[in-house]
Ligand SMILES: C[S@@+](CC[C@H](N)C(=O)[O-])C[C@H]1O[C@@H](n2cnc3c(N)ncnc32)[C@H](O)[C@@H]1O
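This document starts with one chain, in the form predicted on its own, laid out as structure tokens.
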């Protein structure tokens, strides 16, 4: 990863931070040692540099479903699903190196064979995906960037939503959750305003019986504070 990030830094550029806290030497060594085994970052970069004549990603055909989680944090939901559904492929894209390292360690210990990881800017990864090739996309509590002057750093925009709708095989397969009412309202309004392009959607406030309720550390922290968890599906 280090050589790729050095040579093709723009593909690893984000609007926010890349490391939530200082990464330990052992985690750095782990990434250097085995990250390349579980990623297709180099292919994505070459795709954008037209070295592959714009050939889209060809994923392993041995899996009967393809799922993507954008911003998997410490990988709790990603790992849980990969274990529960070994015949499905799970692609995890994460900005924070600590999250990448933690998932790498678990993958190595459990010898999981159905996870692909990426530290790239998610937009570059998604743009290289074949259209209508993904069964489900999950974005669990993305950074809300609460201050108004930081809203431009938010992951969800019309362009991102439109790209996601082009990748999924069927309607209502994109799941976004947030504990920020402001972020929820902005996303909800964005879909309503662009219904001709994005189609219809469903919204709900999650409860304990819902599948995506309390599935991450960040969600549970919000729940402990009495915050609601909103979900958009489109």
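A quick note: this is a predicted structure, and the numbers were derived from the prediction, not measured. Residue numbers count along the first chain shown, from 1.
There is another form of the same protein, the form predicted together with this ligand; it is not shown, and what comes next is about it.
- Distance criterion of 4.5 Å from any heavy atom to this ligand in the predicted complex singles out 122 from the list 122, 81, 106, 98.
- Stretch 66-74 is the answer when you ask which of 167-175, 187-195, 22-30, 66-74 has residues with heavy atoms within 4.5 Å of this ligand in the predicted complex.
- Although the partner is absent from this view, residue 89 stays clear of this ligand in the predicted complex, with no non-hydrogen atom inside 4.5 angstroms.
- At the 4.5 Å threshold, heavy atoms of residue 213 stay clear of this ligand in the predicted complex, well away from it.
- Taking the partner from the other structure, this ligand in the predicted complex has no heavy atom within 4.5 Å of any heavy atom of residue 135.
- Looking at residue 217, you'd find a heavy atom of it within 4.5 angstroms of this ligand in the predicted complex.
- Residues 140, 141, 142, 143, 155 of 140-157 are found to place at least one heavy atom within 4.5 Å of this ligand in the predicted complex.
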